[in-house]
Structures are given as structure tokens and as C-alpha cells.
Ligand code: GDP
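Before any questions on how it binds or moves, here is one chain, the form predicted alone, in C-alpha cells.
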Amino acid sequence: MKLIEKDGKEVFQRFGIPVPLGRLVRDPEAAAAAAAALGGRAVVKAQVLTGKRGKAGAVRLVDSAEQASQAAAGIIGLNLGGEQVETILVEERLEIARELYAGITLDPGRGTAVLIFSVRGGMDIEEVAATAPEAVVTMPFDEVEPVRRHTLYAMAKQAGLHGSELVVVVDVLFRLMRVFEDMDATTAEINPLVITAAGKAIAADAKLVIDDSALFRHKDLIPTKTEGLGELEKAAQQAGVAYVPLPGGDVGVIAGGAGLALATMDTVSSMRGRPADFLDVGGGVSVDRMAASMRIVANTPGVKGILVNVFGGINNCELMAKGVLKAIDEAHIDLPVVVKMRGHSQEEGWALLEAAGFEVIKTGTTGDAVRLMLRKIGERTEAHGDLR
């Protein structure tokens, strides 16, 4: 679950990380009032999950309430990376002495979390990492031994910090590590971490991603988790399925289990297909949840066919088949559909799908299902042109 900047900063505050004063608003009038409360000088920021907001003109500096109103009017309604701006954050202007970068994320190569720090923060941190890797220092977490403050001091000194800056920054790094661990995060990032003219370290931005599997421990975050998401992502959360759209794909994927979904996507890619999404229906699936999954994938941009790859262990194949057929009937889905299904109540599920005219992969492999799906998409495209 990704949090918008405002929500991420509220979590940071809980752990003692300083953040600027700010207010979330939805219209130009409220933006003007928020800026006036801050003395006029403010920053107006789009609240979306998409990065590069500054370069897209969705972060603007203002010097008065009137300018804040104008900036908000120019930002609200923008489409940034497929997200429409609905809310903005009006925040105090900081007197910036320098900008740093601090982030923690999972490193699949090491199989552990890694703290990343640089004294060259800001909008182009990716370019810094690519062109001046010596300016970025990293420290993997030890799975057994907790990280001590003296270790963080050594890391920050290596990056080039000294004196009072070293003290305030290490305090933020230590607290950021607590955020990452206690909040079950997969990413916790501050860019920029600002050193003010008064020598304070303040999180001028916040990127926080929480592991979906741990949301039961963070129920206070759930009411705001749809901020900044597209309609399909919101529908997926309401249906209780894990869904990630993948731009440029054309094979819609629905699978029973995250591992099977990833394996299906890999198989599609290995056969020169392009997966359009990741969707895991989860356990204990109902007819309605399966139908919702079909509708979500059918409406994913670029999808030309839907591949359903499920195993009926906890899930019931008959119920899943009914869900597939319900969506096709009610949503009038007119796309090629291939179902590979086996396990609990498989014969009943197969019978329902075959009676409706669908080909079912009963004993074959995921590769067989993908080949059939790609062939059907190719035949349909050749006969009718681009389906989208």
C-alpha cells in the first residue's frame, strides 16, 4: 500500500521525524486560507503517488494567499502518470541550506533491507546514483544485530557530514529505520531531507510503502489508502484482491496466489507476450470476488485477452467458474478468455465453463495456457484489427 505524501508525513511525525506545517485541501479557496495561515509564503503540492511532480509543474512556490489559490487552480485536475490530482498539500516554505537524500528499501539481491544516504538529494537523485555512485552510501541491515547510532554516525561521516548537521541527520536516520521496521514498510524515503538555515533536519517529502500482507496491523491507515489511486486500483482494494496494472501489456492475468501470478507473468514474457497486470484473487474467493477480478482486468488499458490460472486448494473451482461467467454475462466482456483450473470441485468448474463454450486447460501446463491465449489474441487481432 502506497501512501500519499501527507499520510506518509503523519506517520513520520508519530516517530518523531520533523516535517513542515501543512494542510490538505481540495479547492483553490481552501488553499488560499491554508497559505494565509502560514503567512502567505508556502509550497503547493499535488498529492499523487506518481513521482517527478516538480518537473511536471505540480509543486509550486507561492508568496501570498492569492498565488496559492492560483497555483491550486492550475494543479487540481492535472493528470500525472495516469492519476488525476484531487487533493493538494499547502505547506510552509522552508529556508533551505542544503538538500540530502535518505531512503530504506528492500534489496532482492542481498535479501535484506538497505539504508541509502547521500548528501546530494533533490529531484535528480537517480541521476546522481547513476553518474556519481561515490556520492551515495549504503548500509544493509543485519538480520540479527540491531543497527546502533554509532554505525549511522560512521555512515553519515563517510557521506561527508560533519558537526551539528551530523547529529540532527543521524537522529532522523535512526527514526526512519524505526518507521521502516515498525510499520512493516517495503520503502521509506525522504527526498529531500532538508537542512534548514537554522540547522534543523526536516523531511520535506515522504514516500512510504507498507507491505499489504501486514495491513491488519495498521488498520488506522486503511481509510486513506485509496488516496491517489486509479479507479481500477480502488475497485481491487474494495474487492479484496491484489492488483497492479502494467503499462504496455496486452495479456490480462488473474491467478490464485502471488507466486502463481508471477510465474504466469514470467511465462507470458518468455513467450514474447506482454502481461498487462498482476492480479492475485487470494484465498477463500467468492463468486463476486472472481467476477470483480474479471471486470478489473477486462478494463485494464491495453488488455486483448484474459488468462485465468487458478488452483482450487482453499478456493473452490466451481465458485471461481461461476464468477468468470457472471462477469462475462453482466459486464458483456468481449475478449478471448482462457482458463487453466484444477483442484477442489474442478469437474464442476470445468463443466460450467465448457457448457458456456470456453476452452479449459485441465491437465496441461501454464505454458500450454499461455500459448493458447497468445494464439487467440493473434487470431482475433488478425480478423478484427487492434482490439483496443
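The shown structure was predicted, so the numbers you read here are calculated from the model rather than taken from an experiment. In this text, residue numbers run from 1 along the sequence as written.
The same protein also has a form predicted in complex with the named molecule, omitted here; what follows describes it.
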* **Triple contact flag 301, 335 and 340 to the named molecule in the model of the complex, non-hydrogen atom at 4.5 angstroms** => no
* Asked: Where does the named molecule sit in the model of the complex: which of 253-261, 92-100, 305-313, 152-160, heavy atoms within 4.5 Å?
  -> 92-100
* Asked: Should residue 360 be counted as a contact of the named molecule in the model of the complex, where contact means heavy atoms within 4.5 Å?
  -> no
* Is residue 273 close to the named molecule in the model of the complex, meaning a heavy atom pair under 4.5 Å apart or at it? -> no
* Hey, in the model of the complex, does residue 245 get a heavy atom within 4.5 angstroms of the named molecule? -> no
* Asked: Can you check whether residue 61 is within 4.5 Å of the named molecule in the model of the complex, heavy atom basis?
  -> yes
* To do: Go through 122, 74, 230, 240 and name the one with a heavy atom inside 4.5 Å of the named molecule in the model of the complex.
  => 122
* Asked: Among 204, 317, 169, 292, which has any heavy atom within 4.5 Å of the named molecule in the model of the complex?
  -> 204
* Output the sequence-ordered list of residues from 1-35 with at least one heavy atom within 4.5 Å of the named molecule in the model of the complex. => 5
